[in-house]
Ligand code: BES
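The data below hold one chain only, encoded as structure tokens and taken in the form predicted on its own.
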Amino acid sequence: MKIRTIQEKIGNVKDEIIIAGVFEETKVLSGAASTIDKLTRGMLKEVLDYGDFSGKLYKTLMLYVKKGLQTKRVLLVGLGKEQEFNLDKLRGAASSAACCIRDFGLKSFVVPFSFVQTENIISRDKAAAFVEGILLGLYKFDDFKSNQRGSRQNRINSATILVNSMDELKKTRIEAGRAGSVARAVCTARDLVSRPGNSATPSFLAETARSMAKASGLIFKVLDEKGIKKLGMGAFSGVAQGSNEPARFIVLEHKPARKKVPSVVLIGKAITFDSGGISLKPAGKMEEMKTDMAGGAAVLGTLQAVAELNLPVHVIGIVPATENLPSGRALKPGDIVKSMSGKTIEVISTDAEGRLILCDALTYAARYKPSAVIDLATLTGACIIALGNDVTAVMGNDEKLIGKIRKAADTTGERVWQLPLWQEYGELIKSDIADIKNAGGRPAGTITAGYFLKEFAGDIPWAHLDIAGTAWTDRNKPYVPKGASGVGVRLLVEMLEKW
């Protein structure tokens, strides 16, 4: 889909449809809605006076224009109550409009920069919110549909952002371009998570990273099973040994031209299918366990955006990728593995495998002497019990780093909530026969998983994001259609931009 920005008056632009936002229970139209109402001699005010449209959040109403505009139609979009309106609701409103237009079978539309006029949103953030809302809301995964031609026919070809001045034009094009890169990266992550386990194998992820590196100038490195074992990654290779699919340890690196820039390592858990291993999961919804590589997908998507935007930060993405399956060779409860750090781990549950592959990745990350390490993982079902499906848990050993993440979360709408890592939680994962055990039972399951990782993070500023609840949605949300969310990409890019 092509998004362009032009300088033109609302009454002069020609297109299939133009959109305008209306606040709930408003008595005075503002922004684009006010301009359109004047040009059409009170058409919008008349609709509001009749009570046909109240401006409730994300509700839409199609109107047909007879005079005053070059566009054939106007789409009113509800913005909800003005005092509650924010950047994330603007993304949702843009998404609602775009999806409505797509469902009508239209191929293009115009969104005026004055679509919404409120003091709640900084002007420079508007264009980015428009683009993110439109591209993310229109996302569809249909790679495995046999009738892809029919699916493509019901797609929007272009959207035009309308601005008033040359100064506004330049700024909007920059922000729209940046947002387009980030949205495409989110869609890359969504595509990877949506693919079934027999397609998105560890080798497939490695080849995807290789292609990404070639296209965008990233440095690519991959370790096969032999290389993984040579480095002493006994925890990672222990998880991988139950599968016939070869494991891959993927590294992507963005090195900016400027020297003496901070280094940040991003680690993403990539269990491309998680059966639970010998500690087998229940059959119900096991098909969704293809999503257990969402952390790795987010890291790959983030590196794609970082490279496109050429951010002045040295970013290293590490993705340990394997399946977790039961077999005659698989890890058993009670087994002990030796991690790359030298610490031994008693395996209490083979379904607590994510922390086993991440602990070796954390040890590997130290060789870059980074300013910070952040890992993302669909790590614990307990996180969903604690926080539901709309909030990511964050833990770590550095409050300044967690503060950066929380600030980025406020901007992007990818909400996080901090959980504690007090010393008492460490008592739950003490082992009688090894240095540590990989599960501490039901109490504080998300926190003990985070505490396990903390033991391998060392003194490097580190944060852990448990995206178990936010990586996948069973219902349509504003600008997040049902399925893979691509969570983490926008959050990390925002944080790295402001680093």
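Since we're looking at a predicted model, the values are computed, not measured. From 1 onward, residues are counted along the sequence shown.
One more form of this protein exists, namely the form predicted in complex with this ligand; it is left out here, but the text below deals with it.
A.B. asks: Given that the partner is absent here, does residue 381 sit within 4.5 Å of this ligand in the model of the complex, heavy atoms only?
C.D. replies: Contact check for residue 381: yes, within 4.5 Å of this ligand in the model of the complex.
A.B. asks: Is residue 163 close to this ligand in the model of the complex, meaning a heavy atom pair under 4.5 Å apart or at it?
C.D. replies: Answer no; every heavy atom of residue 163 is more than 4.5 Å from this ligand in the model of the complex.
A.B. asks: Report yes if any heavy atom of residue 351 sits within 4.5 Å of a heavy atom of this ligand in the model of the complex; otherwise report no.
C.D. replies: Residue 351 belongs to the contact set for this ligand.
A.B. asks: Might residue 39 be said to contact this ligand in the model of the complex, defining contact as any heavy atom within 4.5 Å?
C.D. replies: No, residue 39 sits far enough from this ligand in the model of the complex that none of its heavy atoms falls within 4.5 Å.
A.B. asks: In the model of the complex, which of the listed residues (91, 254, 190, 355) lies with a heavy atom within 4.5 Å of this ligand?
C.D. replies: That would be 355.
A.B. asks: Scan 444, 29, 439, 460 and let me know which has any heavy atom within 4.5 Å of this ligand in the model of the complex.
C.D. replies: Filtering the options by heavy-atom distance leaves 439.
A.B. asks: Heavy atoms, 4.5 Å, this ligand in the model of the complex: which of 68-76, 239-247, 289-297, 214-222 makes the cut? Say which one.
C.D. replies: It is 289-297 that comes within 4.5 Å of the partner.
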